[in-house]
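Below sits a lone chain in structure tokens, taken as the form predicted on its own.
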């Protein structure tokens, strides 16, 4: 059950994406309303959308693969784009895996069309009149991908709880895009494998 009032928040519908314009130094709060929803997250500079938030550059600049409160996410030009300024969750987020795509669902045995974060990104950008000919790796908020001693990557349900939230500060004018991940064939979105709505608000 959701533990926040939906009336004061904007909805990110299950299995869909949303693009939000943020000015420099504005803060957005992202709420994992039902506790188990992963949100693939991207950022693109308003001045030049070919400058985008880059997980590989972020890992390089921070010399870490774990992120948490205080992490600064940088662009493919190594400039600060977003800062994680608050996190009430267990602090487990992923910066390693790509967005789900039609190809992934075919690999998992899906024979028809299946919503994907890759398609959600491009659809959300199109709604605000933007298009990019590439697919950046996302910041996967609330996604639990532990590294095993063998060197393998695991995929586990999120450790977040209903109402957990993160606050992100824009370090430049940018378009922020969220996809409420439609993955329902692995436990990425919880043991029930059921994508749900999430919410956000400017604070």
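Everything quoted here is computed from the prediction, not taken from an experiment. Numbering follows the first chain given and starts at 1.
Below: the form predicted in complex with a further copy of the same chain, not depicted.
*Asks:* Looking in the predicted bound form, is a further copy of the same chain within 4.5 Å of a heavy atom from each of 111, 197 and 199?
*Replies:* Per the other structure, none of 111, 197 and 199 touch a further copy of the same chain.
*Asks:* Contact with a further copy of the same chain in the predicted bound form for residue 61, defined as at least one heavy atom pair within 4.5 Å: yes or no?
*Replies:* So residue 61 counts as contacting a further copy of the same chain.
*Asks:* With a 4.5 Å heavy atom cut-off, would you call residue 97 a contact of a further copy of the same chain in the predicted bound form?
*Replies:* Yes, residue 97 is a contact residue.
*Asks:* Whether residue 101 contacts a further copy of the same chain in the predicted bound form should be assessed with a 4.5 Å heavy atom distance threshold; does it?
*Replies:* So residue 101 counts as contacting a further copy of the same chain.
*Asks:* Given that the partner is absent here, does residue 107 sit within 4.5 Å of a further copy of the same chain in the predicted bound form, heavy atoms only?
*Replies:* So residue 107 counts as contacting a further copy of the same chain.
*Asks:* Where, among 172 to 180, 29 to 37, 158 to 166, 134 to 142, do residues come within 4.5 Å of a further copy of the same chain in the predicted bound form by heavy atom distance?
*Replies:* Going by heavy atoms within 4.5 Å, the stretch is 134 to 142.
*Asks:* For the heavy atom contacts within 4.5 Å of a further copy of the same chain in the predicted bound form, list the residues of 42 to 59 involved, in sequence order.
*Replies:* Heavy-atom contacts within 4.5 Å come from 56, 57, 59.
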